[in-house]
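Before any questions on binding or motion, here is one chain by itself as structure tokens, the form predicted alone.
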């Protein structure tokens, strides 16, 4: 807590003025002028209050000591336990630019287009639950300076002959890439991070803890080495592409097939240790049963990303209203032969079966967070290589897949039934019409399962963090 020098009230960061503001006497102060005694010391650590969820173990940090009454990660309405600890000091921060009111308006604008979303997602009480959280990022810088030598060739035809000229390409490079940012929190999903990106690093300021007053921050628990090779590859590819576009080299194909380390040597790529940074995110969770959905708003640009499940009743009503005119139109304009009707039902069954299996695969990958490199690196660090690839957990276990896999039986039975009728080849058309009706019933059961599983895909498993340390979790 930062005390107001005039009345002793709590100073909190005010987004509109970008100043610390007292709730009582409205005094405003520059964030760099108000520091606690330890904050003023030029060291690597600063004191924070760590709030820990007793249900999922998720942790958020704050410079305030006020009670936190719900968990942003699992959506639990519970009093979070708190303790004081020292946290590593970030180098830079992008302060919140979007107020909570602006954040809510951006979210409401998005939800207006989500006509099948549950009503509670649009309720004012739920929308008011947005919480400002600073998400930690690693900000990398890359420099490339020196003489570059590459091989190239140009191929052309003269008459019946094809000629290839070979070149030694040389020049000087002086390139720099700054603030290439990657999510440094294992609890903050990489997919969410990508959806609300980018942040404008021109708004970066030197960090001081008073910026956190009135807000929270997630913990940086992903090793900075995880993304280093990605940064180097990106810088090398961008520079090589720029070299190819040089007027002198435009007609020449660069033929060097260099490995990543070799190309780094050629381009004199240097990537020092990254800086710790904090970027602003408005964060809200919606919990239903054993699933949780997140809504996030970029606290600088206002870009919205949200997990939006659907209300089954709204969806079925909308489908019926759309299906009736389509049915009437087809009934008046087309006449289908029995065999074609059965073929059509067979194709629908195959399509829904494939769609369901694809959806189940996506659900399993999402629940296991197989593509979230920060999470995989943190959870399975003993099985993960330096690039965050978890070779031991890349494949989805069959038990995990089968847990969601019963819904495809309707389409599978429909396919087998249609194939059996074609093989049996009965004379009566009733077999074909009856088979088509039975197949469509199987397709309908799979479609219902697809809709239900969409809500699973649109939400996430309740998180369980394995964080230890501190007085209450020793």
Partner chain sequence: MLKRIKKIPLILLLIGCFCFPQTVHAETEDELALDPIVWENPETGYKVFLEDDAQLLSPENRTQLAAEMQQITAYGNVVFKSISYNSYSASFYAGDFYHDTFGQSSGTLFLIDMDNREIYIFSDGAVYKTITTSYANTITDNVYGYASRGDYYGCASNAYQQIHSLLAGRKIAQPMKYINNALLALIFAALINYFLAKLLSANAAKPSSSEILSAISTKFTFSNPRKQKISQDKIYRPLSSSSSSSSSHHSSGSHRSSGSHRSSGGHRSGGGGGHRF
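Residue numbers count along the first chain shown, from 1. The term rigid core refers to the maximal set of C-alpha atoms that superpose within 1.5 Å between the two forms. Computed from a prediction, not measured in an experiment: that's the story for all the values here.
Just so you know, the form predicted together with its partner chain exists too; it's not on screen, but the next bit is about it.
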- Query: For the spot marked by 45, 209 and 419, is every residue within 4.5 Å of its partner chain in the predicted complex through some heavy atom?
  - Reply: no
- Query: Wondering, does residue 437 line up within 4.5 Å of its partner chain in the predicted complex on heavy atoms?
  - Reply: yes
- Item | 4.5 Å heavy atom contact, residue 319 to its partner chain in the predicted complex | yes
- its partner chain contact at residue 174 in the predicted complex, heavy atom, 4.5 Å: yes
- Query: Should residue 20 be classed as touching its partner chain in the predicted complex when contacts are defined as heavy atoms within 4.5 Å?
  - Reply: no
- Mind telling me which stretch in 188 to 196, 95 to 103, 130 to 138, 218 to 226 gets its heavy atoms within 4.5 Å of its partner chain in the predicted complex? 188 to 196
- Query: Ok, 213, 264, 345, 285: which has a heavy atom sitting within 4.5 Å of its partner chain in the predicted complex?
  - Reply: 345
- Query: Which residue, 34, 415, 61, 443, has a heavy atom that falls within 4.5 Å of its partner chain in the predicted complex?
  - Reply: 443
- Note on the structure: Taking its partner chain in the predicted complex and a 4.5 Å non-hydrogen atom cutoff, the residues of 133 to 148 making contact are 148
- Core fit, then residue 432 C-alpha moves 2 Å or more between the shown form and the other one: yes
- Core-superposed C-alpha of residue 423 shifting 2 Å or more between the shown form and the other one: yes
